[in-house]
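Considered here are two forms of the same protein chain, supplied as structure tokens in two stand-alone entries, structure 1 and structure 2.
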Structure 1
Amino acid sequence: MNYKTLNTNKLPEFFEKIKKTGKTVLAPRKKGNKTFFATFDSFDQINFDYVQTALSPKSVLFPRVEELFTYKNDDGTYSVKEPELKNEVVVFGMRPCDGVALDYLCDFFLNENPDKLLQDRKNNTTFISLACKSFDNDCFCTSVGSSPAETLGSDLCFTDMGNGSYYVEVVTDKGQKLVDAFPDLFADTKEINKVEQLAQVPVRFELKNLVPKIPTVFETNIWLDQSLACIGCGACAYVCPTCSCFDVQDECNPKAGTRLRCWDSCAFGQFTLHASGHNPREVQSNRWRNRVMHKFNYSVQNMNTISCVGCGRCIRVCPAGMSIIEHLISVEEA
């Protein structure tokens, strides 16, 4: 890995220069009490005072709705056109946990039956994480094997050293390319111990106890107890940086149409409903169990990793105040 520094007051110039190359820059912006990744016209629109963005950067690779293809219908003769994804994007300000999530997401979508759309978007995107100086009660990255110091899945990782400069870890070739494009902004440096600058997120549960324990409670009442409060919306899945389920929908007029994929959630009753009316996951507790099992057991079986990065978004968004931390602790204690 290469190491650089960037003066914090050079950040606006960095973004302007990136934009001049035709790339889109997304950075955290405030709306109401929440922060979202968005484009910006001027640097002062960027919000640096946030623990976590409300939505994860997964939508850059896996948009909430995207075209699979379009077609034209010429009297029953169909001509199909694939989307061409050319737009180059730089995402700034995601947290290191999101990098871990993107690494998982890419692994899931690209390793077996690789997904072209996600691959193209990934090739076109550079992810810059901004290491956490603060955390809240819902952060639990250190309980799931990550930390604010993590660089996995980021192309560049920025740490505000508190001395007017960012310490920049160049994690990937793509990150290197971006840094190399603006040599006058970045200065070389050696590896620095950044941990002192970072948030100290407490460990809430022991993953090594939890992972083997979860399948053993599959048939218990624990899921019903935990999920009676669940109202069956998809908010947790949609804000989750690793949730990847989707639906496929067609839209058309008589001459042309589009096949789209859009986010879906295993929390919805319709998700598994058969045309016959039979529903394999009949009640909400089955759906809640599936969500937790997927993150902490099925992913481990299929991909040798859990698929929760401890970003805490599902907790912050839950209309009923459900907390995965609490639920995992209750599994650990069961």
Structure 2
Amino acid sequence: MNYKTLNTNKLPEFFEKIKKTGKTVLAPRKKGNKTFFATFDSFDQINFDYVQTALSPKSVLFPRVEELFTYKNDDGTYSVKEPELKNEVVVFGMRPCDGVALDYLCDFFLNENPDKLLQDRKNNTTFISLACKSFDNDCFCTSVGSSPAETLGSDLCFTDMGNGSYYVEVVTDKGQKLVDAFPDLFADTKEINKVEQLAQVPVRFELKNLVPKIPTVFETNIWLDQSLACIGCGACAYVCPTCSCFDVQDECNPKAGTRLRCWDSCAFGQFTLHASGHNPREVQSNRWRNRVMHKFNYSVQNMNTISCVGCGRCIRVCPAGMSIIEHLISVEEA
């Protein structure tokens, strides 16, 4: 890993130079009282005063709805057209927990049966994380083995040092390529201890105790107790940066059609409904249990990692006020 510094007052120039190369730049922008990743026309539209964006940059690699291919029927002769890749993208300002989530997402989609669409997007996207200097009660990255300055999944990691400069960790070759494109903006430096500049997120539960405990309470009523408030809206899954459930649908007529992949959620009652009418997870407590088991047990078995990064979005968005932190603590103490 290489280390650089970038003067804060040179950040607008950095963005403008990236734009001139033809790349699309996404950065945090405020809309109402929430912050989303979006394009921008001027530097002052970027919001730096946020704990977490409402949505992660997951959709850059795994869109909410994406075209897999289109097809046409011309008097019995069929033709199929795959989507063309758009411009290269640079995502600036994601939190380190989102970088960890992207690393998991790529492992999920690319490890065993590589997904070409996601691979192409990954190859054409550079992710720049911004280390956390603040947090709220819904943040728990340190409880799931991460930190406010984790570099996993990022190409570059920026840390505001509070002295008019950013400490830049060059994590990947893709990040190095972006830095090398603008040598007049970056200065070499040695590795710096940045702990004092970071948010001090408390540990809420002990992962080493929780992970082995979860499968032992599978048949208990703890899931029923926790799920009584759940209305099955699926909001937690739609804001989660690691959820990967999807459905495939065709929109077509006798002459042409499009095959689409769209996000889905195991929180929905019809997600596991069989054509026979049988539903192996017919009640909400079973669906809630599956969500927690997937994050902290099934992904550990299948991918040797938990699939929760502690971003807290599911807590902030839940209309019923459910907190996965509280639920995990109750499981740990069960």
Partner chain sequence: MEAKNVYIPYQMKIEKVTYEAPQIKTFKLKFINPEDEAKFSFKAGQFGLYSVFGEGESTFCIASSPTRKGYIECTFREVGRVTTALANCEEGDTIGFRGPYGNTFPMESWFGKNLIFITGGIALPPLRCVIWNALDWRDKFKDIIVIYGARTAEDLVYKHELAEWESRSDIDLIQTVDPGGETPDWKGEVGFVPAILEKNPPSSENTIAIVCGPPIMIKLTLPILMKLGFPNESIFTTLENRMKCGVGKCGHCMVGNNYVCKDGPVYRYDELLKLPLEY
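A quick note: this is a predicted structure, and the numbers were derived from the prediction, not measured. Residue numbering: structure 1 sequence, from 1. Only the largest set of C-alpha atoms that superpose within 1.5 Å between the two forms is called the rigid core.
Between 1 and 2, where do we have the form predicted alone?
-> Structure 2 is the matching one, since it is the form predicted alone.
Taking the rigid core as the superposition reference, indicate whether the CA of residue 216 shifts 2 angstroms or more between structures 1 and 2.
-> For residue 216, whose C-alpha is compared between structures 1 and 2 after core superposition, the shift is less than 2 Å.
Cα of residue 163 displaced 2 Å or more between structures 1 and 2, core superposed?
-> No, because once the rigid core is superposed, the C-alpha of residue 163 moves less than 2 Å between structures 1 and 2.
Do you see a C-alpha shift of 2 Å or more at residue 79 between structures 1 and 2, with the core held fixed?
-> It does not reach a 2 Å shift.
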